[in-house]
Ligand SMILES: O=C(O)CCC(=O)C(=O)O
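Next up: a single chain in structure tokens, the form predicted on its own.
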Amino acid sequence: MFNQSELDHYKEHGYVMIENALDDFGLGRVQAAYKHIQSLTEPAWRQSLVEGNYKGGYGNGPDAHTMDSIYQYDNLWLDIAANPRILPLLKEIVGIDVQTMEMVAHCHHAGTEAHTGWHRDWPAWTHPQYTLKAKVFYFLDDQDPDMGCFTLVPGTHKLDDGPPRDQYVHETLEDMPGLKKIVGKAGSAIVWNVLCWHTGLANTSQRDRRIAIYGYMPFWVKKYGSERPHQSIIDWADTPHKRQLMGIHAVEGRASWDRKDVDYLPEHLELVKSKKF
């Protein structure tokens, strides 16, 4: 369970560090699962660099290798989405109807430039009680300041404006006032509000920076025209609350937000029948 000081720190600064966040899964097991995905996807990624046709989020390209939809490789990543060390905190931050929006593995290679500049993930869209999107970054290795670490400016989630786009770029990236380099031990995690000004710095070390990325939003936020969930997700979500966590069928929330292209679990169908909407 989270403690109140963690929630208070998140609300005040826009982030909170969670130590030993992967203890329930075993750090070695998670690292092995990450290496497996990287070995399978790296040839295509390298070929995309040769051909110059790389695309994708989180700076995928010469300075970073982004591996999307990692749930299709191992149910371990789905289990981590429901991490009992993190999920109770997310329910306080995002709401009791929290759903997982993305599961990504990311490698920022040794000796590479920053793969993004200062930004926030969207304008200052807010809710009076909840964060509309929070992310969790799990550290697969000890994160040091010279590893191109994730960096943010604490408290900027409260500002109306995003960071200036024509300042603190390239060689002045680290001149941003008030920046904080997020470092920590392997197995720890940062939970943060995407409205915080943030970036990833140049990795001047001799070690790759490896993280697993999860995004969370309220259940009622839907992607227009989104595809049916991958079968591995549907099979894993064998309880009503797992279905909600995967954005399929709500336990808390309107049935009108539920996906119609996935059959209800029998016990979930009874719940739906009792709802007015």
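Everything numeric here is computed off the predicted structure, so don't read it as measured data. Numbers for residues come from their place in the sequence shown, where the first is 1.
Here the subject shifts to the form predicted in complex with this ligand, a form of this protein not shown in this document.
Chemist: Considering non-hydrogen atoms and a 4.5 Å limit, which listed residue (T112, T116, S188, Q72) is close to this ligand in the predicted complex?
Modeler: That would be T116.
Chemist: If you check D121, D141, E92, D79 against this ligand in the predicted complex, which one has a heavy atom within 4.5 Å?
Modeler: None of the others qualify; the residue that does is D121.
Chemist: Each of F137, H198 and R209 near this ligand in the predicted complex, meaning some heavy atom within 4.5 Å?
Modeler: Yes: F137, H198 and R209 each sit within 4.5 Å of this ligand in the predicted complex.
Chemist: Pick the stretch from 84-92, 168-176, 153-161, 199-207 whose residues have a heavy atom within 4.5 Å of this ligand in the predicted complex.
Modeler: Residues of 199-207 come within 4.5 Å of the partner.
Chemist: Is Y58 close enough to this ligand in the predicted complex to count, meaning some heavy atom within 4.5 Å?
Modeler: Y58: contacts this ligand in the predicted complex.
Chemist: Residue by residue through 94-112, tell me which have a non-hydrogen atom within 4.5 angstroms of this ligand in the predicted complex.
Modeler: Only H106 sits within 4.5 Å of the partner.
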